[in-house]
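One chain comes next, on its own, written as structure tokens: the form predicted alone.
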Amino acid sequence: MSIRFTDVFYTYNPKTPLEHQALKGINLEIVEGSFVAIVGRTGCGKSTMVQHINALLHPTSGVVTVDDFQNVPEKKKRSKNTKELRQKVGLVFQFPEYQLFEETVEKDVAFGPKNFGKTEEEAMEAAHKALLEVGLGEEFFKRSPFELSGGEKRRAAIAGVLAIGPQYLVVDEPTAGLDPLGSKEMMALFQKVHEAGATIILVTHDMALVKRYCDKVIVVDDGTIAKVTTPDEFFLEDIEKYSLDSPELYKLARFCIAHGADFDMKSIHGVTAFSEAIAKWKGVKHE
């Protein structure tokens, strides 16, 4: 099972002065069980692309296939089970806390499961489980979501998506606005969801997250797929041409090479490997 884009084009505001072609012939497969990063400069088409996965947008031409669901331009040819698709594909927007609306946290998180056919009791059970997963204990269940801190609101909003039990989870800049600790905790949560079997699709500008968590990198450039590769291979090249910033470790490694170091960038998989390469270069015994 997988997500597949086949010759997908998408145009905003067609046949108007504001017409803009955001996707230009996307061909791509995202394999079930992977942890994928979608990266690229602002405005390159990343968010437009992922909104096709759960049919928030429909292609101008081409086909997006999610397992047995087909998202196509023609309404009559489009698969009818959109509700099932949106239960299968959870989409966490940037700043998801703006989506909170219910009077209590547990009711807000239970809204999704109820909307997908669960009983009140089943929905509350799913909500409580999801809230505990994101680190919000029983003391938060009856509180108003609007009384929570910014980080707690984001956790509650993400719990609302996890409560429906998505098979694919798309997260768009999930660490935006969070401090380093909050960012680390958020990504640890998504790693846990991935280890439980979900496919994670991470849209981000944070290359350190790509390096640490992802097994594949999809580079979008001006509405096209510029590259599909692994993080290790991706960071070997100059990614600034995509308006992306290399992790500090790779910047330091390139600096050393520019000043005479003769180690192979492919060997730099982390701080330990880098320190060993430096020690070998300098002829120092590495303890």
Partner chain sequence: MNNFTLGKYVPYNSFLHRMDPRVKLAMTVCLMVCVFLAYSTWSMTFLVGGILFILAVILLRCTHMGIKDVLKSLRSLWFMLFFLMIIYIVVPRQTHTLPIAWEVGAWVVYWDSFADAGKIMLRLITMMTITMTLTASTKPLDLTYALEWYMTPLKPLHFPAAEIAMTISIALRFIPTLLDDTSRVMKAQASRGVDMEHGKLMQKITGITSLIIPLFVSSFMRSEELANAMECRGYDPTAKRTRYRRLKARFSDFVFLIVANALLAGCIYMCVTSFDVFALFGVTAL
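Small disclaimer: the values here were computed from a predicted structure and weren't measured. Positions refer to the first chain, counted from 1.
The discussion below concerns the form predicted in complex with the partner chain, not included here.
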Residue (of Y168, F190, F111, F140) lying close to the partner chain in the predicted bound form, criterion heavy atoms within 4.5 Å:
F111
From the list H128, R86, K211, H194, which entry has a heavy atom within 4.5 Å of the partner chain in the predicted bound form?
R86
In the predicted bound form, does V31 come within 4.5 Å of the partner chain, counting heavy atoms only?
no
Contact with the partner chain in the predicted bound form for Q51, defined as at least one heavy atom pair within 4.5 Å: yes or no?
yes
Can you check whether L100 is within 4.5 Å of the partner chain in the predicted bound form, heavy atom basis?
yes
Is the gap between L91 and the partner chain in the predicted bound form 4.5 Å or less for some heavy atom pair?
yes
Heavy atoms within 4.5 Å of the partner chain in the predicted bound form: which stretch among 112-120, 194-202, 211-219, 132-140?
112-120
